[in-house]
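One chain comes next, on its own, written as structure tokens: the form predicted alone.
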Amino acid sequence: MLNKPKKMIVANWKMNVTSQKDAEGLFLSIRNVVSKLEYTQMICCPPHMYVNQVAQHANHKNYRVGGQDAYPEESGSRTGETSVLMMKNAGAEYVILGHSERRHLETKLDISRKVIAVLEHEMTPIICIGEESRDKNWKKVLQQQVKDVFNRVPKKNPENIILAYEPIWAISSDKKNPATSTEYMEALEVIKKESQKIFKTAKAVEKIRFLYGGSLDDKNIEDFLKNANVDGFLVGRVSHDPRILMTMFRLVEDHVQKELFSISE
């Protein structure tokens, strides 16, 4: 356990921070707490135009900065897009890709190209996958998404890849209907089996980090910590609430500390 990577909380601010002052203020309000964490790391993903400003304050291993998306080409006639090179030069080390709020704007090839481009620019992709409903075909949907994502992606260095299970049925802000740890583990089994077919070995899949995201907050995170094999969390709805975030950090820290204590006994 001591040799495992830290638990990860990815704070996807989405479009909820609307000025540089607010972006820097929000980051600074939680930075000191995060710097003291022993077992948890935060990846802060502000809107594109504030990545650079926030990244200038990200000078500690416990908090890093990511982008919410990136166009796979470095430059060109792409009005309104933010390229992978722009994102990297702004200070991002991670990029969220294939988020459910963007998938209807993209093809499966678009997402695969973005994953390749992010890896080529030595950033870490946080790849979101998830089914629209738990119908009779939900497993096939997940399997196909895994295939589509890794269709052309180099199979080396799987430790540079993060997969976030983000079931679409669980993320509606009005329903607030999170998946349970049991449902996450069912999905994780499907995702890992399909990934193993692609990467050829179980050892390679063990290096991929797996997150849960979907209506997650300080009330339901303990279910996943206690009952699921999860490397971290993709937090959206409450990611810009410093009080809730700090509570979630504390819960993760307490859980890992208890795990370590029980192992040492």
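One-based numbering along the sequence shown. Values in this document were obtained by computation on a predicted structure and should not be read as measured data.
Just so you know, the form predicted together with a small molecule exists too; it's not on screen, but the next bit is about it.
S.K.: Verify the contact flag for Ile171: yes if a non-hydrogen atom of it lies within 4.5 Å of a non-hydrogen atom of the small molecule in the model of the complex, no if not.
M.R.: Looking in the model of the complex, residue contacts with the small molecule include Ile171, since a heavy atom lies within 4.5 Å.
S.K.: Any of the heavy atoms of Arg64 lying within 4.5 Å of the small molecule in the model of the complex?
M.R.: Flag for Arg64 set to no.
S.K.: Flag Val51 as yes or no: does it have a non-hydrogen atom within 4.5 angstroms of any non-hydrogen atom of the small molecule in the model of the complex?
M.R.: No - in the model of the complex, heavy atoms of Val51 and the small molecule never come within 4.5 Å of each other.
S.K.: Residue-level question: is Gly232 within 4.5 Å of the small molecule in the model of the complex, judged on heavy atoms?
M.R.: Flag for Gly232 set to no.
S.K.: If contact means a heavy atom within 4.5 Å, which one of 153 to 161, 75 to 83, 98 to 106, 138 to 146 is the stretch that engages the small molecule in the model of the complex?
M.R.: Looking at the partner contacts, the answer comes out as 98 to 106.
S.K.: Select from the listed residues Met42, Leu211, Leu26, Leu216 the one whose heavy atoms reach within 4.5 Å of the small molecule in the model of the complex.
M.R.: None of the other options qualify; the answer is Leu216.
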